[in-house]
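This document starts with one chain, in the form predicted alone, laid out as structure tokens.
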């Protein structure tokens, strides 16, 4: 094969939900794109496409609609029309309602595996998109005019690709980020998230719940068939303990912590755990490499913002590349420094804001201090009573605050 056949406009390292979303978002720009993914298609070990649930914000729903994917996703999604927030054992509580915000839904809950199938199937309809799977990036050589990417494939095979832009979408422990010399800070929350789904006695009726407890927050999200997906954040020892319980004993523990707002729990599904940490890259760009998704920022799931923040990375990067092509009216260099700096500047404020919000919530509601608990309960009452505060918070959670890329506003790139 010629060198030209090995050259791409963009190589995306990581074929999970964020990397795949970027490949699909770029489709209207007629670029030559390769996605490198280590886990073979259909392998249930793919962490992005497991049985966990993802809460899509309003801006994420708009984005998938603009990309022509929402109709397929919507079939298995559940709208969230209200969110109830409470602190176990204290009087303070709050709620956010879609009607008050003037929207049909605050967001939508979808099972990762279903969302993954839609995204993966859509890849095969994109001209100029190549999926290298299974394969992983083994080496990166950042050069002034291009990037040389070393690919490792099964049975010890290896080869080199070149590209104008390398995108690191390979998760919080990004190998590509390390290869290009971008450092990252990590704060271990010393918690594990216990996740799964169950059948409550009362249907959730499009209501989501965030319940703060002494051991950690519990999120219950409405999913299809009148079930509820749960995310229970616990200290590692407690998480290990509840994972060893029988289904009946586990539901009793969860019920004791959550309460009876949905009646008695029954028929819990398969449970799994994953560690919780805050990670932040020191910068988003190194030469012709750019970071998106968890490679740039990993958040606590307390406000269900991690994936949505990553999708806004995707939308902003796509927007910057599309704008450059429009202005030049010709073939563009996707790794041009001006494009990447524009992306980094655009994303900086949104990423910092969500890190502060989620980390602040975790620390505020994780404190056992009596004065802090009293203050936050008064704060939740004020959240409901002070004009404008709830709406502003809701807009941030829906991903509708600040300057939004076209896709996040529901506007197609072309």
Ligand SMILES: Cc1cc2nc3c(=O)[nH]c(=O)nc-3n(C[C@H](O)[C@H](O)[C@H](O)COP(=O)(O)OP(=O)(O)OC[C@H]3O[C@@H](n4cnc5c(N)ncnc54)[C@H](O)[C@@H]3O)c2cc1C
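Note that the coordinates shown come from a computational prediction; the quantities given were computed from them, not determined experimentally. Residue numbers count along the first chain shown, from 1.
Keep in mind that the form predicted together with the ligand is not shown, yet the notes after this line are about it.
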Q) Is the ligand in the model of the complex near all of 274, 294 and 308, within 4.5 Å of a heavy atom of each? A) yes
Q: With the ligand left out of view, choose which of 284, 231, 96, 140 has a non-hydrogen atom within 4.5 angstroms of it in the model of the complex.
A: 231
Q: Using the partner position in the model of the complex, report whether residue 405 sits within 4.5 Å of the ligand, counting heavy atoms only.
A: no
Q. Given that the partner is absent here, does residue 23 sit within 4.5 Å of the ligand in the model of the complex, heavy atoms only?
A. no
Q: Check whether residue 135 has any heavy atom within 4.5 Å of a heavy atom of the ligand in the model of the complex, and answer yes or no.
A: yes
Q) residue 301: heavy atom within 4.5 Å of the ligand in the model of the complex? A) yes
Q | Options 26-34, 345-353, 52-60, 65-73; stretch whose heavy atom lies within 4.5 Å of the ligand in the model of the complex | A | 52-60
Q: Check each residue of 14-41 against the ligand in the model of the complex and list those with a heavy atom within 4.5 Å, in sequence order.
A: 14, 15, 16, 17, 18, 19, 36, 37, 38, 39
